[in-house]
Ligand code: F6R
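One chain comes next, on its own, written as structure tokens: the form predicted alone.
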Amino acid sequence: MNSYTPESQQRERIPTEICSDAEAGCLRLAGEIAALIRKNDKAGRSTVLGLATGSTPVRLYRQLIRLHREEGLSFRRVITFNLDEYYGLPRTHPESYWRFMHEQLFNHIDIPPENVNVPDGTVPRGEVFESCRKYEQKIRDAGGLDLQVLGIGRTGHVGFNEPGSGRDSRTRLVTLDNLTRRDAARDFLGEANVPHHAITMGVGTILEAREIVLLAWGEAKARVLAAAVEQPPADSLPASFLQGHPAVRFLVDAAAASELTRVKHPWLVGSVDWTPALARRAVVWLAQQVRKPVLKLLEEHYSEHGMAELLIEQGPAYQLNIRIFNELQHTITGWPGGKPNADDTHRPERAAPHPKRVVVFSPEPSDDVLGMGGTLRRLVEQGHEVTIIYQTSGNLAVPDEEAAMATDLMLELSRSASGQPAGAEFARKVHGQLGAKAAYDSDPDEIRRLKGLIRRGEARAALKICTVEPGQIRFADLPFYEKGRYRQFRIGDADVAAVVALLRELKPHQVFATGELDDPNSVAGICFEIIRQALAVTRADAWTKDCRVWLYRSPAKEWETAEIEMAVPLSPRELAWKIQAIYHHKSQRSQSPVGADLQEAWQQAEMRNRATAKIYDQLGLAEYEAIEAFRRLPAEGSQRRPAGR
């Protein structure tokens, strides 16, 4: 392995490559795996692979299937060992990792069944230790792992090695962290259904692989990935133990890399090109570090924090402070659609035309009010023609209990009415299907339809608070979602065509969207990619020349302050209206106790909006109750940008 470390990566203890996107990273790794297999086949040796589950490696497995089908890559001499399995789940369970691997990879290639190894999650408790010992021995008998593929969880786990796992831990039964179980809740139709235990290879087992490649996509992994790469190894962050391996590397996308020092604070690790955007980010960071308003930053503050070069190029401090302060001030507007008949030189949105045709894309019902509920109401009240497009029905996220309550209500109405109300027969059918449905079975079409209707009703009620009329709501029900399930979504031509048709019909002056930095395999990430492709298709249309695309965020995280290009203040009453709108999405209310990372969505949204306003106040700008923030998509709409760039 090349021991040379560039200056910008001096803090990184693990070689980390930032790929253009997840597809490019998986394409590269699939090619390397294919080369390894062919090399070993030629030498008459087996290839032993350690494989991961979850959404992260799905695109890798699709590339391996493509190589098998299109380029004749054979897996007949490949032996695989999976990292982990939920304890207590039979192989037939839709969320078992044995089933996941067969659906995502093994059923589509020529690997012999006897070469596939997944920990057995069904062995009696008293036999688990021996079963794990045999799993380790089987790896050794196969010659050890040539290559181990990993993902990383938000707790820093690799496999199911949760915080507290030691460097020398072996294959064993573990108790899952609450955050890990919460992240799996959607797959299991509710956190209560997620197993509490799993069997996992240990950190020590993983470190015995001859080569390790960890994949990470999306901003949700950024903070823990940066800690694993840059902080000293610790039991509290199992992924950090990978630092001691002689042949380990991380392949990540720009969003997952966004918390690395070389990306977020490059001036701390070397000389930089002080672009206006980077200077703004650095000054905002400096103000937060020394806890001073921007206009009170002094020359010594810059010098003491590695930013003397910035002063030489763009100083003195007072002049630079005023420039950055003005830039931040100009992001604030109470007119998200532009203020008519006003000088818009320093406003984030142009004054004309007024009113504007505004399209708000929401991946699922609730994303719109969570991300921009206050701005939605402001746009409508200021006279713009606002259309909300729900890209998916969101029916996969509705618990069975909510559907059962709906059928009970419909059946009660049918019993109390003189005739048979419309829908009574449908309610009886769905009620019967819910009663007969085994735990975690996939929903029949009728149940998914009912769950979709539940979310439609919630969306209409929420938008009523935002003063959006029912006629301005569209339910796209994109095929990728209606015909798919989590971790098995695939964008099709029909998905892009549906969004293209809507854009060409509505010809918007403003588009609001979300999902740019999300995991590309998530619903939000897929929905954003569909919008991106649709914008590329319509790029030559006349209406696009006068259309701006604004990006909003999920409740979990706001844009970095220096990246905000439009900040819409909310009054206390407007914030209360937003929370009331979110509350109407009752089927999405969390049943978990409130705690770190366990707030309900309305609490996350409220905290995020208040926190953004507080930061603006601390930087010396006006004090507001709350702020919703937006960033513009580059005009070409063709490239993702890492946070903080």
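When you see a residue number, it is the position in the sequence shown, counting from 1. Just so we're clear, the structure is a prediction, and the values are computed from it rather than from any experiment.
A second form of this protein, the form predicted in complex with fructose -6-phosphate (F6R), is not displayed here; the remarks below concern that form.
- The listed set 151, 190, 94, 163 contains one residue whose heavy atoms approach fructose -6-phosphate (F6R) in the predicted complex to within 4.5 Å, identified as 151.
- A heavy atom within 4.5 Å of fructose -6-phosphate (F6R) in the predicted complex is found for exactly one of 384, 487, 292, 280: 487.
- Shown alone here, residue 47 lies farther than 4.5 Å from fructose -6-phosphate (F6R) in the predicted complex, counting heavy atoms only.
- Put simply, residue 54 is close to fructose -6-phosphate (F6R) in the predicted complex: some heavy atom of it is within 4.5 Å.
- The closest heavy atom approach of residue 451 to fructose -6-phosphate (F6R) in the predicted complex falls outside 4.5 Å.
- Although the partner is absent here, residue 376 lies well away from fructose -6-phosphate (F6R) in the predicted complex, with no heavy atom inside 4.5 Å.
- Screening 83 to 91, 324 to 332, 108 to 116, 297 to 305 for residues having heavy atoms within 4.5 Å of fructose -6-phosphate (F6R) in the predicted complex returns a single hit, 83 to 91.
- Along 210 to 240, a non-hydrogen atom within 4.5 Å of fructose -6-phosphate (F6R) in the predicted complex is carried only by 221.
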